[in-house]
Structure formats: C-alpha cells, structure tokens
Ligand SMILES: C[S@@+](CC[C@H](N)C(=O)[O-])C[C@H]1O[C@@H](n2cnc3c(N)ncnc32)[C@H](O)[C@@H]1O
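In structure tokens, one chain follows: the form predicted alone.
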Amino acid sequence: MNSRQQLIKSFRDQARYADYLGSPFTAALMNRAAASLEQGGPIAALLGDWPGDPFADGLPLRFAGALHALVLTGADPGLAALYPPHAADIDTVWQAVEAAMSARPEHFADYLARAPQTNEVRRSALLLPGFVAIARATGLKLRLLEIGASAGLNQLWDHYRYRYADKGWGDPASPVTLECEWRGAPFDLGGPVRVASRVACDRAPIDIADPAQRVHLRAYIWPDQSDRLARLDAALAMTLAARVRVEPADAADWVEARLAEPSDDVVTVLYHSVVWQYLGEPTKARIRANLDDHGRCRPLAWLALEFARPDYDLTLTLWRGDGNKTRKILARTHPHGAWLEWLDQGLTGATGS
C-alpha cells in the first residue's frame, strides 16, 4: 500500500470510527476528505507523503482539529456558518474547507505538526471504579501518578459528581456531573477512597491558563457533540480554579523518578487513559520494569484505560508489596465514557504484565 492509499484508508477508518462514536458530521467530513484524496484534490498537497502511520498518528484528527479551531475562534466566518449546529450539505462544507486550506496554510501546518489531545473528562467515569477497587483492596490512601495527563482534567476525578443509572458518587454540588451507563456485573462504589497526593506529567502539557491552548484542546471535540464541549468547559473552569499543574516530562523518566521517592503508608497508583499507544516500545519497557521493581517491595497499582478495538479496556495490575501480583481486565468501555461494562468484582486472576 503506497502512502496515498494509506492516507485515504486512514480517513475512511476515522469516518467509520466517528460514525460509531456518534458524530455523523465528522464521519461525513472524513469521507469527503478521503474522496478528495482519491481525486488528487488540494488536501493531497497539504498532507504530502506522511512519514508514519497516518491513522496511528491521528492525522485525520489533526486535520479535523485545524478546521474546528477556525470555527471556534471565528477566524473563518464562512466555514463557521456551515458547521454544526448549521445543517449544510457536506459538498458545500468541503468547498469552504478547500478555501480555508488555501487561505491559511500556516494554520494547518501548525495543527498537522502536533499530536491530538482531547483530555476527555468523562473518562474519569471509567477510571473511578478502578480507584474504588484499589482503595478497597489495599485499605490505603492513594498516591496518584498520571502520565499523558494533557491539561490535567482527570487529575480532579474525585471532585466530580458521577451518575451510573441508580448509582451515584461524589459531591452533589460539583460543577461537573459525569453520566455513564453501567452495564455488566454489579459493583459497590461505596467505601472510603482517600487521596494522599496527586501529580501528573505529559510530554507536551496544555497550559489552560492560555486562551490559545484552551482553543487547541476544544478543537479536538467533534463539532456536533455539544454535550462533550459543555463538559469540557465546566471541567476547564474547575481545573483552572484548582491550579492543577502538569509537569513537562518524558513518561519513563518521570515514572522512574517518582517511584524512587518515599511512599510509606500509601499505595502508589500509576494511571493513564488513551496514552499507551503513543509511547514507544523502549518507553513502555522501562515503565514496566520500574513498576515491577517497585511492586516487589511496596504496594503499587497500575490502572490503564487503553484501546482494545473497537472499544477500550480498563485494566488493573496490583502488586501487594510481597511479591504477589495480579492483573485483571475490570471493564470494557466506550472511548468517551458513555458506558462501561463491568466484568469482574475481584482482583484475582492471571499474573503477569
């Protein structure tokens, strides 16, 4: 498969995924972009010969984010007049897209040069049962380490309000309420969950005190999903008020340094959501090795929400600090937190990483 065919396939694949995740506008836009690539339209010159895997690199999302940013900022009124909530046909939209590409090449080059960052806050609703399970299994306060934290919105997971059908968790007065459909096995969310400390890192953290960087974050929310934008805006306000800080750092270096710090009377919890696929194999190997070393002598948990086509798995690996290690897939989940299917109430099961 040549590079042009790979580009076309990446946009077609993204169209199917957007349709599955409830964004018909994005699906139509991605399919129209693929058609233009097949025809050798202006988008072919814009994207050129992408050196890597365009789908794994999120190239279609980078392109969609560049367009949405023009709409959000009002930089392209003609395009904004055709985007949701307006209902223009996709060929009319595409004419405005091609005009935007021609008029603002520097803007598109900027967005194409950096990986997408969504920091989907409703993923906290998928992580929460894992934190509850860790607290219950260990009886210890949680020392939280998040990698790939982006803007840090999921650092405040214990400050949000949650609704899972007949279940509730968190402060009813929280400005952010996250609703998630609970499927599968029952699980009791009761019991204390105490946080001892929280820190986070990202290779390129988003500074949400900067209005331009907030636009960048909002641009990756699909434009016909206004509920996601509203949740993001509410979480941004909370995170700004809390002065959450995300450290710029390589994930493996940061994990190694953090695990070397004193951690008495706590369980250290490394967690991440939709991050692992973007890390190189040497980085992943270093993180696994450091976790195993630390877990041999201290309580440790690794909570990961990561891609497992077509949905995501919530996986928990737990080291008891005595050489005992268990790993379990706790739930299958929707990528944006719309639902989770709980699979297991316990932490027994296969060992290994």
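Please read all numbers here as calculations on a predicted model, not as lab measurements. One-based numbering along the sequence shown.
In what follows, reference is made to the form predicted in complex with the ligand, a form of this protein that is not presented.
So in the predicted bound form, does D171 come within 4.5 Å of the ligand, heavy atom to heavy atom?
Contact with the ligand, no.
Non-hydrogen atom contact R183 with the ligand in the predicted bound form at 4.5 angstroms:
Heavy-atom contact with the ligand at 4.5 Å: absent for R183.
Give a yes/no on whether E179 approaches the ligand to within 4.5 Å in the predicted bound form, heavy atoms considered.
It does not: once the ligand is placed as it appears in the predicted bound form, E179 has no heavy atom within 4.5 Å of it.
Decide whether G148 counts as a contact residue for the ligand in the predicted bound form under a heavy atom distance cut-off of 4.5 Å.
Yes - in the predicted bound form, heavy atoms of G148 and the ligand come within 4.5 Å of each other.
Heavy atom within 4.5 Å of the ligand in the predicted bound form: which of L112, L240, A249, A75 fits that? Just give me the one.
None of the others qualify; the residue that does is A249.
Residue among L279, L259, A100, V193 with a heavy atom within 4.5 Å of the ligand in the predicted bound form:
None of the others qualify; the residue that does is L279.
Can you pick the stretch from 148 to 156, 260 to 268, 128 to 136, 185 to 193 whose heavy atoms fall within 4.5 Å of the ligand in the predicted bound form?
Of the options, only 148 to 156 has residues within 4.5 Å of the partner.
Check, residue by residue, if R123, A204 and S273 all come within 4.5 Å of the ligand in the predicted bound form, counting heavy atoms only.
Every residue of the candidate spot has a heavy atom within 4.5 Å of the ligand in the predicted bound form.
Could you pull out the residues of 90 to 127 that have any heavy atom within 4.5 Å of the ligand in the predicted bound form?
Read in sequence order, the residues that approach the ligand (within 4.5 Å, in the predicted bound form) are Q117, T118, N119, E120, R123.
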